[in-house]
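Okay, here we've got a single chain as structure tokens, the form predicted on its own, with questions on binding and movement later.
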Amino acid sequence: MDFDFSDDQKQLRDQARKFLAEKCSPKAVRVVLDGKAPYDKELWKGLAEMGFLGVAIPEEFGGAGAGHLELCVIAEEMGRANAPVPFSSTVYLAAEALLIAGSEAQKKKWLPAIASGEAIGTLALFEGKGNPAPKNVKLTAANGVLNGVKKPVADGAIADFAVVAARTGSSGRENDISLFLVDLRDGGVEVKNLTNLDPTRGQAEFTFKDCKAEPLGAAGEGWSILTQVLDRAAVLCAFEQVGGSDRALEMGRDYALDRIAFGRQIGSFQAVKHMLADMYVSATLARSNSYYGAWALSTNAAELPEAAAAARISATQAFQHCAKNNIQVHGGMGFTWEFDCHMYYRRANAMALGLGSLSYWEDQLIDRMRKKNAA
């Protein structure tokens, strides 16, 4: 079985890498990191013009209609560039939720707007500390209105709409959870910015007070839909993490070849060699698992739940490992604000929590493999 990308997909990767090298340099990322702008609006506009925002959205809804393999390619390049835009929250989460459960009217309203860059979406799932679980959803929905608090919400302060998980029952089972669509432009939601590890990817707190909302999917099917969305997002985020891992490895390698100490390149010292070799191993393992996840996602294979969890685990570990060791290879300079190492370290640790913690996904993988083996 060949898990490699096709020539057309590799050409798309080259195109995306060239575009991001021109429009999303470390200097451009620092404009958002150091400034007051919540994201790079010009880059977001450019991504829409290139068709990258709608690459997996069907043509009938204004997208390119390419597919998830192409989206995986784009995701990897977004990770390499450390792009300061709401790509994952809008494309991996909000758009995928609409594709899975949206009505025809909901898809026609929001998917073309996502593809054109006119709308930013997000998923409001978490309510403070804790991993994804039906018991952790306290926000209530009754008579078409929502009441409660969601935090953190990725890119919430700049989002135009949100997919919101709400409690509609009290049986203590998964079918107590339903999903709702909220147009944030209509008011009814108090939005508060939160301080977070990676300022280039904002987090917010949503307070809903009798906020009008429309159902997304069937009542009581919210957790089932969310599980599918999170599995898809896990694979896509894994590719973004793989891209970041590779870039951190390249940064460490290049510095090790350029830095001279004791009359020789520091890359010639055995300890540095071992560090870079370990980074390469973890990044390559993550790529292998992510490719398997991409195959499962693109074919809607029965193995997707296990493949998504494996990709999420290995890519999270690889990105954190490579980002941390990149700083170590740079030595004292790696800890300074002037060097770019910390930008990937911030993103690696922020992404490690975005869909649930590493231990959560490890538990998911074990549970899913047990259920599969018992079947």
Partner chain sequence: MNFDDTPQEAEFRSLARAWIGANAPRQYEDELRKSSLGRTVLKNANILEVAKAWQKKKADAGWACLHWPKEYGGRGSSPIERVIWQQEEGPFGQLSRMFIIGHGMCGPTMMAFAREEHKRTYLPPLASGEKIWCQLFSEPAGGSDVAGLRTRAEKDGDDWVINGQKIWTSGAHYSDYGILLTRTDPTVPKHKGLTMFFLDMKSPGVEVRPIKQASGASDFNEVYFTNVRIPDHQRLGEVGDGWNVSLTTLMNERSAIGAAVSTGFPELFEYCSSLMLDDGPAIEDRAVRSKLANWAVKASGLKYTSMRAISALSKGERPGPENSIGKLVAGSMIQDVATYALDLQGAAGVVSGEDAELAGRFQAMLLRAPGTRVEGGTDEIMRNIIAERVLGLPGDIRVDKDVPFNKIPTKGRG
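Positions refer to the first chain, counted from 1. As the structure is a computational prediction, the values presented were derived from the model and not from experiment.
The discussion below concerns the form predicted together with its partner chain, not included here.
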property	result
Any non-hydrogen atom of A310 within 4.5 angstroms of its partner chain in the predicted complex	yes
Contact test in the predicted complex: I366 vs its partner chain, heavy atoms, 4.5 Å	yes
Q270, heavy atom within 4.5 angstroms of its partner chain in the predicted complex	yes
Its partner chain contact at Q317 in the predicted complex, heavy atom, 4.5 Å	yes
Residue (of R264, R185, K129, K135) lying close to its partner chain in the predicted complex, criterion heavy atoms within 4.5 Å	R264
Contact assignment for its partner chain in the predicted complex, among Q228, N289, T168, Q203, heavy atom within 4.5 Å	N289
Heavy atom of each of L257, D278 and V281 within 4.5 Å of its partner chain in the predicted complex	yes
Options 84-92, 292-300, 154-162, 103-111; stretch whose heavy atom lies within 4.5 Å of its partner chain in the predicted complex	292-300
Contacts with its partner chain in the predicted complex - residues in 178-207 whose heavy atoms fall within 4.5 Å	none
